[in-house]
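Shown next are two forms of a single protein chain, provided one at a time as structure tokens under the names structure 1 and structure 2.
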Structure 1
């Protein structure tokens, strides 16, 4: 199978090397930015790739929604299989690409967009064919896991931990997507689409790690707790989809607390299979490239669908889930939350709320922040 690659950045270089080394795969032309085609194998024109009848598949690793969407659509229209690692693209335009691939009878896979090397979507797509998926979750962002682990185990500060994650090639071009939780949110959107044929596209609850301080981390450590940024997704009994991202405080013995560095842990619960946990490197050149090349193998073996053409966009409803929350806020704001436990820490109050719906907690904290209060919160794992 001859494969052209769109993009020659961190992941693109890894994909090209892996294709060249793989049995049964041949590297076609590689699309680079205008003016950057400094070698014969590089081109700057998507039309040239689409018109090349010897190319069977196109891998998109450029990132961003445009021009990636136009380029991948053009490749699908030209009858090429499509593989992408681009979660922003699939979260925004996945249903259109899935429909186009089905119309043209070609493959469209995006394992590498969720979990790096971890074969999460690959296994989830298989499992959803024969089992009812009850819940989805885990750690789906390598950058923030690396940062939290470095802050907690090496006492690194937030800025240094982020700079190191960037230097190691884990972070997005704009790392705000990582630390705000948006990157992890896009991944749970994709997992919901694969598991439930419904792509949540609004109504999210999103909290990243931007509010955590070194003093918070010390405080959790003293209590034997570990902070992780987790995703949750699923379908309630009445068919409502939930999808949210928020920090969690976990017992040191919980499986997620043992996930270190840039590793991810993807979880799903099948009605019959029970809990399945998959752990591996969630970011970086070769881990991500390995998932892209695995998708190419799947296509070569005839497994070509991850998102169905019938996938519909829905609003998430996170009022169906509730948690108790650890919170740190100015002591003067104590009445803004129903606190079951509280302790004063100078002018700050640290406490744990009564159980609150996810939507309710996120709305209350939003209002507090709008009034100028600096607040950190994390769900407590029950």
Structure 2
């Protein structure tokens, strides 16, 4: 199977290397930016790739929604299979691409968009064919996991942990998508689409790690707790989809607490299979490239669907999930939350709330922050 690659950056180079080494795959033309076609195998025109009848599949590793969406759409219309590692693209335009692929009778796979080398979406798609998926979740952002691990095991403050992550290439110069939880949210969106044929596109509850301080870490570590940024997704009994991202405080014996550095841990629960945990590198040139090549191998062996053409966009409803929350806020704001436990820390108050719906807690904290209050919160894993 001859494969063209759109993009020749960090991941694109790794994909090209792995295609050339893989049995049954042949590297075709590689699309690069105008002025960068300095080798015979590089081209600057998507039309040239689409018109090449010897090309069977196209891999998109450019990033962003456009022009990636237009390019992949053109490739699908030309009858070529499509593989992408682009979570932003699939979260925004996945249903359109899935429908177009079905109309043209070609494959559209994107397991590299969630978890890198961890075969989360790959296994989830297989499991959903024969088992009812009850819940999804885990640690799906290596940057934030690395930062939280550094703050807790090495005693770093937030700024130092971020700078170290950037120096090691785990965090971008602009780390907003990672530290805000947006990157992880996009991944749980894709997981819901694969598991339930429903892509949540609004109604999210999103909290990242920007508010945690070294003092917070010291306080909850004294209680034997470990902080991780987790995603949660699933389908309620009446068919509503929930999808949210927030910090969680966990017992040191929990599986998530054992996931260190920049590793990911993806999890799903099948009605028959029970809990399935997958741990590995979630990003980087070769981990991501390995997932792309895995998808190409699936396509070559006839497995060509990950998101159904019938996948519909829905609103998430996170009112169906409730948690107790650890919270740090100004003591003057004590009445803003129903606290079951309270502990004064100078001008600050630390405590644990009564059970609150996820949507309720996030709305209350948003209102506090809009009033000028500095708040940190994390769900308590019961």
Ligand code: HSE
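Numbering follows the first chain given and starts at 1. Since we're looking at a predicted model, the values are computed, not measured. Just so we're on the same page, rigid core means the largest C-alpha set that superposes within 1.5 Å between forms.
Asker: Is the form predicted on its own structure 1 or structure 2?
Answerer: Number 2 is right.
Asker: Comparing between the two structures on the rigid core, is the C-alpha shift at residue 97 2 Å or larger?
Answerer: It does not reach a 2 Å shift.
Asker: Once the core is superposed between the two structures, does residue 174 show a C-alpha displacement of at least 2 Å?
Answerer: Indeed, residue 174 is displaced by 2 Å or more.
Asker: Kindly check if the Cα atom of residue 133 is displaced 2 angstroms or more between the two structures relative to the superposed rigid core.
Answerer: Stays below the 2 Å threshold, so no.
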